[in-house]
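Below you will find one chain, with nothing else, as structure tokens; this is the form predicted on its own, and questions on how it binds or moves follow later.
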């Protein structure tokens, strides 16, 4: 199967004159094309005084150019059944486009127009501002959203790039001016060092020529994004925070620890360990114990996220308020078990089969291929990453899982966040 996967033999590379790296994977089985791109400059570049600026800026790139209004951009894309969009990540501005192969040049022209000639119109800024404030206000009444917010605030101290401040973000969004967006885009976002992945029914030579023609002149020579890797936080003790959310009948729990960066050698071991702990089937060991056997939770699972810096490894559950303490105790019991006893051979085999067997499903569409190739390019994982994936997963054995669990999971020091009704309401 490895030879049929994207790899050095069928991924073509190039570089535009402005420093954007290009990966191309030709796939003529579907007459569509997907473009995924990342340019350095994201939320870590906002500074603690401007939370939300990167996301507002990214959204506004789609809201009008020097040549077309927001409605005109929409019409030009929709009449071809195409799509283009922008988003802000921790370290990058992301952009993507989808179209039929015959419309590749047309959708790329719209994308380039948005990147090279954004207008940041004031009337659209007011609409985007209101949408952002509405979203932040709604998040206050989401038990899952508020639990995750409170968890992050405990793991990452104030001033850390991954720390979130809900109230501060609302205040900042209210005061952002058009000039702030222009300055951020020009001084913090740069194509140099970014990457574009194109997957679909377009020959590589045509892709490289067309990208250079439309995007080669996109340059921000004065931009200085932050390329440093955020420090990994440390938890020296147990911390907890309870957030009261009125009018809710469910409490959401997030319990966890600092995680790892995407390039950490322990990534594969954590992936397999996390699958057994809280992902496989109906939620791994956590789901089986807390949801199925004890009947405490509406859902129970674990997940970890990784970026340029270490993010988090966390356990999550949604429970009736009176079951919070029992659910937390069960979570910690499963953590204790996985750091004290090797997983069973059957669990290991099931996790291997699940992770390896699901890879082809993730590569069934051009979009799935593009997402994987972007990750490979962005984090320099190697062009053979997908081809060696199965072998790497199989090398994760019981000893590796035990070591990873003992390194990152600590039942005596963790951050706990619970969001739900008050004691009187519950």
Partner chain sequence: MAGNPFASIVTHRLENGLTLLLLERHTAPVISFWLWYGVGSRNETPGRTGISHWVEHMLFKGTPTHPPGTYDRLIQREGGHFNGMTWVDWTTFYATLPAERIHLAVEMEADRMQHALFDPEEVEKERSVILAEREGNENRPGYMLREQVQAASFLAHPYGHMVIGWKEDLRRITREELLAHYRTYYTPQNAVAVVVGDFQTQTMMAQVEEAFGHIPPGPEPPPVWAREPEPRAARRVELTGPGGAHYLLIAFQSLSARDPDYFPLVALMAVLDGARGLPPFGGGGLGRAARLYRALVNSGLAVSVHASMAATVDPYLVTISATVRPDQDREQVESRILAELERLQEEPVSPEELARAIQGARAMFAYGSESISNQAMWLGFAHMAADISWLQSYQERLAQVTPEAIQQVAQRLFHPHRRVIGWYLAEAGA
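Quantities reported herein were computed from a predicted structural model and do not represent experimental measurements. Residue numbers count along the first chain shown, from 1.
Heads up, the form predicted together with its partner chain isn't pictured, but that's what we're talking about next.
- Between the options 206, 303, 228, 292, the residue in contact with its partner chain in the model of the complex by a heavy atom within 4.5 angstroms is 292.
- Comment: its partner chain is not present in this chain, but in the model of the complex one of 337, 127, 238, 177 has a heavy atom within 4.5 Å of it, namely 127.
- Put simply, residue 82 is close to its partner chain in the model of the complex: some heavy atom of it is within 4.5 Å.
- Heavy atoms of residue 62 reach within 4.5 Å of its partner chain in the model of the complex, making it an interface residue.
- For residue 325, no non-hydrogen atom is located within 4.5 Å of its partner chain in the model of the complex, even though that partner is not displayed.
- In the model of the complex, none of the heavy atoms of residue 214 sits within 4.5 Å of a heavy atom of its partner chain.
- Per the 4.5 Å heavy atom criterion, its partner chain in the model of the complex is contacted by stretch 73-81, the sole one of 73-81, 182-190, 329-337, 218-226.
- In the model of the complex, the residues of 131-163 lying within 4.5 Å of its partner chain by at least one heavy atom are, in order, 131, 134, 137, 138, 140, 141, 143.
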